[in-house]
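What follows is one chain in structure tokens, specifically the form predicted alone.
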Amino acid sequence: MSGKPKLHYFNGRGRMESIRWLLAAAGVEFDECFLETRDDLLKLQKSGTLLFQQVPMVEIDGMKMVQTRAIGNYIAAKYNLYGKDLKERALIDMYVEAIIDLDELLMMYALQPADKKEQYLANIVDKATNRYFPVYEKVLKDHGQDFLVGNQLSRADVQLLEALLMAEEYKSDILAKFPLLQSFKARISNVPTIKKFLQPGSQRKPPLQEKDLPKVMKIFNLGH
């Protein structure tokens, strides 16, 4: 049996994408088992492998892990993406928690009704450029290193890059006022494992398309 982690989710970003990013950054190959129908999810739920009846679920090291943050913490700790001591880990956690908040905002855009999309996008841009990005710009300035925490790559760098690239999909010049974030983006994108993940043909997922939305809604029984 393969020793690779196995990811159970639908064939899209959602809450699994940050896990894919972390594994890829760590240079870990992984397999994916895609949920294609509502029945696929129900089958998984009935099998008793989903602790809280929810995906993402990752099979790794003999465990069937659920809860995105717990999975991320485990992968970061296992593959040395979690700082060198408790204080660095605390900083990484703070930075990552805010990135997750921003990710959630970005993720929910696709679920907005057509007449609310413009207003929702304005809210994303406002929060990103006034609440989140200025903090990371200042952290990079004050820390004076290539990375957000310490002097080595951590999950905070990986997940911030993921969020920056996602935000640019919504507004291509969203980083215009943040020169340090721009250079951070270029620098972290060039880390060999991440560079590979950003190439076409990798397991990185594209943005959720309008046409795929009904399928995803059906799998997770949303909108009922």
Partner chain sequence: MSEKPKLHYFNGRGRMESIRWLLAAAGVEFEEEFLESREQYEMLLQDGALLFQQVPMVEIDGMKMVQTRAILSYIAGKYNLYEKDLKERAWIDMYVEGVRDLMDLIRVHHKLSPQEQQKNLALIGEKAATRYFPVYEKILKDHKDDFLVGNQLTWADVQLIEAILTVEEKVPTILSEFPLLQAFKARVSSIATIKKFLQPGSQRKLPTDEKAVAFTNRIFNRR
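The model shown is predicted, which means the values in this text are computed figures rather than measured ones. Residue numbers count along the first chain shown, from 1.
The protein also exists as the form predicted together with its partner chain; that form is not presented, and the subsequent description refers to it.
- Message: Let me test this: is every residue among 117, 137 and 160 within 4.5 Å of its partner chain in the predicted bound form, going by heavy atom positions?
- Response: So, no: the whole triplet misses its partner chain.
- Query: Is residue 65 close enough to touch its partner chain in the predicted bound form, meaning at least one heavy atom pair within 4.5 Å?
  - Reply: Residue-level check for residue 65: yes, a contact with its partner chain.
- Query: Is the gap between residue 111 and its partner chain in the predicted bound form 4.5 Å or less for some heavy atom pair?
  - Reply: Output for residue 111 is no: heavy atoms all beyond 4.5 Å of its partner chain.
- Any non-hydrogen atom of residue 61 within 4.5 angstroms of its partner chain in the predicted bound form: Looking in the predicted bound form, residue contacts with its partner chain include residue 61, since a heavy atom lies within 4.5 Å.
- Query: Counting only non-hydrogen atoms and a 4.5 angstroms cut-off, does residue 51 reach its partner chain in the predicted bound form?
  - Reply: Because a heavy atom of residue 51 falls inside 4.5 Å of its partner chain in the predicted bound form, the answer is yes.
- Go through 166 to 174, 181 to 189, 23 to 31, 65 to 73 and give me the stretch that gets within 4.5 Å of its partner chain in the predicted bound form, heavy atoms only. Heavy-atom contact with the partner occurs in 65 to 73.
- Message: Give me the residue from 98, 124, 81, 107 that has a heavy atom within 4.5 Å of its partner chain in the predicted bound form.
- Response: Looking at the other structure, the residue within range turns out to be 98.
- If we check its partner chain in the predicted bound form, which of the residues in 173 to 201 reach within 4.5 angstroms of it by a non-hydrogen atom? Stretch hits: zero.
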